[in-house]
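Quick heads-up: it's one chain on its own, the form predicted alone, in structure tokens.
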Amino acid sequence: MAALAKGSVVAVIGSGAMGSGIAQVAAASGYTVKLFDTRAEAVDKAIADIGKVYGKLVEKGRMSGADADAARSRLHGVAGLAEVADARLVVEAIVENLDVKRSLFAELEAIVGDDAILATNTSSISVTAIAAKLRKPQRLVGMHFFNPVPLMALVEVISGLATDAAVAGTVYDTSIAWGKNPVHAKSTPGFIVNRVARPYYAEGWRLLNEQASDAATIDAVMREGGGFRMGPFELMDLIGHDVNYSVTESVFRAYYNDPRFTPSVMQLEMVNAGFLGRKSGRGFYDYGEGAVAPQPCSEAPQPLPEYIGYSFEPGDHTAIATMLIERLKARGISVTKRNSAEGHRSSEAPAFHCNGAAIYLTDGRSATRRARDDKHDDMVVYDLVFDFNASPRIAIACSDQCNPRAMDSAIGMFQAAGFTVTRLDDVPGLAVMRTVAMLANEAADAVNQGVCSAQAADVAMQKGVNYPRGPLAWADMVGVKHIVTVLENLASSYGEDRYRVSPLLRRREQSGARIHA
């Protein structure tokens, strides 16, 4: 299998944001592009706008003048579908409606050659269903781009039940020739990205609903602690709550009301109120002129504790605690190793200790529950962060019975390490940890069900929605055993099937293996 030869004719049906973006990329990559839309004026405008984009790229030094001129010359508007008869690849980017797409491909099948590839840019409709009534369903494949197409690297190459592997392979290689990062996926609801991403929003809603903190604070924790480009609420404001809710509801229905994909009643209220986000001028944030952005909650400065100790035991997962120790020592903070005779339970290490506070990475239990389980009232748990050496913010929580002096000491310790500290209410799993655990769980389920490979799942989430680390790579970094423990404790806390552990994670936990070899 190989990419279509440069110079081959690529037809793009639909000249909206997606269609024009696909046309721009294909023409710049050396392919002759025929752009069609039922509105001739829309085609003319799209081609003119693409030309302006090429001009701006030249001004920025990202494209030569000769290349821009050549790319423009490869762009052609056509007045009727009959004019795409010589296309080797047809990419459809029209309305998300099964009947409309089927009708279009039936018409195209009678026009293009039998060896032409038909591709749909659908983000939510079954590729199998779109192809089902074609004379040659094996030549239809999903080619799902992400908006804005010229900037987003991912293409999900989606095979329906009838899709020929050679067809999928050609589209995969052609996507590479267009400068993209393609991944193979099986046609299942949500494909990879729209399925695996659901917990990012769902856990944000649950945190808000349980009053862990306000939206701006949760966004800051996910952004500055978790390393995500945007927090869940600012991202949903950007997407549009109507669109985001619709996708969640669609995936929920498609998986026969699996509780893992349950939509949020709070988001439905946002939609009902017309608070759709940026496009309506108001969502979680006010986008009106002169609006002041809400500030996240951060703890007031606390003094450095007189003593910071830590306890490790051989064989325990210590990498994260080690990074914290190194971060403290790099700032001249003395950290003392405790031995097993000093009162800590070896099964609970690694932990930090100061002024009576026992400080642990969250394992999915609330601090209050852990305090009861460990018979230690002054319990503090801290959240996962993207980079324990450099992330600027960390979230913590304390047990209901924790002495304020112990909590202040824990805050002072993390502030001494250079963190802005956010205190969340004592919710199980805090923010970043529970979200990452659920993202990894969903990605593992997709792999376990043959939707994609582990590598494809990670690439898709990094290139399609700009995650700082692939969810399965993150599970390997934290430790699969710890991720499973977090999920088990969340399931125990809530009594819901929502947090059931993926069979793949369970197998890796039982064998002691990583997800990625």
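Since the structure is predicted, the reported quantities are computational estimates derived from the model, not experimental observations. Numbers for residues come from their place in the sequence shown, where the first is 1.
There is another form of this protein, the form predicted together with a small molecule, and it is not shown here; the text below is about that form.
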Checklist line | Heavy atom within 4.5 Å of the small molecule in the model of the complex - residue from I117, A93, I394, A220 | finding: A93
Note to self: Considering non-hydrogen atoms and a 4.5 Å limit, which listed residue (T248, N121, T163, N441) is close to the small molecule in the model of the complex?
What the structure shows: N121
Notebook entry, point to check: Any of the heavy atoms of K52 lying within 4.5 Å of the small molecule in the model of the complex?
Noted result: no
Margin query: Can you work out whether F414 and the small molecule are in contact in the model of the complex, taking contact to mean some heavy atom pair no more than 4.5 Å apart?
Written below: no
Notebook entry, point to check: Taking the shortest heavy atom distance, is G16 within 4.5 Å of the small molecule in the model of the complex?
Noted result: yes
Notebook entry, point to check: Is there a heavy atom of Y31 lying 4.5 Å or less from a heavy atom of the small molecule in the model of the complex?
Noted result: no
Note to self: Among the candidate stretches 39-47, 65-73, 477-485, 462-470, which one is within 4.5 Å of the small molecule in the model of the complex when only heavy atoms are counted?
What the structure shows: 39-47
